[in-house]
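So this first bit is one chain, no partners, the form predicted on its own, shown in structure tokens.
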């Protein structure tokens, strides 16, 4: 099998399970991508790096691609020739999701791909040509970047005939935060706090991925209790987000009862989370070596009681959603992303599983405690809003089951362990299945406990382009519902 030769050459990378690294030349860079695609693999992330000076530089440059296949995660590093400028082979024809990652990599590092789309991603001072649709009766509707709701900025350019959408093109990157540069100013043992804020609704996933990479680089295995408590926090984060989305989706379908009920249930869960861990939203709870605080037996029982009650009501509300003719009419067939198209676009996470893409890091590449408390993957095949709603109901139920098992079976022992400073140049990768999908953090240590490079990757990179396909053929008023059913992160793709 062609892919086997790359695995045989690759070397283990510390951090997440089953990660290997491989240095390649330009021709091999393309061939690895082709072989991964032929084997049914997916692109997890693509990024570029240079020296931590904030300047475009001709030294210490590299482009990285992280792919997942049946064997694990393969991180491929392509270094440039000595001469500058450097144009590396683009891979968007192999993995369409790479296009925006390549554009972002150029804006951040100066490394440009050979692919034709060279429009800016972060530089909004430069002209930007949207793709036009010509024809009789076609006109454009521009929405954003400033929106009526309290959400982050994003521009949506619709090409329509009447109310039917022929094409949608998104433009993001309006609030560039300079996160990768900011990481390099922090001590490596403190970077988890910034990681938690890449996309705030995925704080546990990002901070765990960061710490997973760091702990691997330091050669530290965290205590079993720490791993179980991290999983409790991750499933609480997943459950809270699904509850919030289910209410918002009901509201977008004109069913305000759903919003009020799921808002109440989410509030119950957040209050229980605050009682257990001292905070409603779990920022800074995951720290190098484990958790910032332990969970008493009494608090664990009280939290489990609330989770069971919330999940029991969620089952009843699912029946109401399924039986409500108006809600069913709005959800069914709306915003369909066919499994074949989802596979071609490399869609991941919840949106991918709603279109038949059966991938979940907790199942495919399990780490403790998911090796001991296995996850039952939820998959739908309809690819429409109804399927994405069903995914949330199913995953909420599964998170409730996992939380009950985790809270009742917490191992005894320490909730954290000391983590040392990794050696200069050490490299690690963290990979955690957040509520949207796989969150990847690639971390390289600098001298004296500093960070040389850190790249956090959100699954929204892969899924934003899929939203453009899901809206085609639908009417403009259905866009808020379809967009909410994806619920992608603006912040996660605006580093």
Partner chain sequence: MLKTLRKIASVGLISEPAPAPDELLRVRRAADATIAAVLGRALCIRHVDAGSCNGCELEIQALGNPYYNLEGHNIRFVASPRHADLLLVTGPVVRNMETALRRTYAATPDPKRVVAVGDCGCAGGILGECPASLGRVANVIPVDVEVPGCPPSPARILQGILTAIQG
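These figures come from a predicted structure and were not determined experimentally. Positions refer to the first chain, counted from 1.
Only in words, not in the display: the form predicted in complex with its partner chain, which the text now covers.
Tell me which stretch of 346-354, 298-306, 402-410, 271-279 has a heavy atom within 4.5 angstroms of its partner chain in the predicted complex.
One stretch meets the cut-off, namely 271-279.
Using a 4.5 Å cut on heavy atoms, which of 131, 151, 358, 423 is close to its partner chain in the predicted complex?
Only one listed residue qualifies here, and that residue is 151.
Give me the residue from 329, 319, 340, 418 that has a heavy atom within 4.5 Å of its partner chain in the predicted complex.
Contact check passes for 319.
Any chance all of 176, 193 and 266 sit within 4.5 Å of its partner chain in the predicted complex, going by non-hydrogen atoms?
Answer is yes for this spot.
Quick one: does residue 102 come within 4.5 Å of its partner chain in the predicted complex, counting heavy atoms only?
No, residue 102 is distant from the partner.
When the contact criterion is heavy atoms within 4.5 Å, does residue 325 count as touching its partner chain in the predicted complex?
No - in the predicted complex, heavy atoms of residue 325 and its partner chain never come within 4.5 Å of each other.
Looking at the partner-bound form in the predicted complex, is residue 122 within 4.5 Å of its partner chain by any heavy atom?
Contact with its partner chain, yes.
For residue 71, is any heavy atom within 4.5 Å of its partner chain in the predicted complex, or not?
Answer no; every heavy atom of residue 71 is more than 4.5 Å from its partner chain in the predicted complex.
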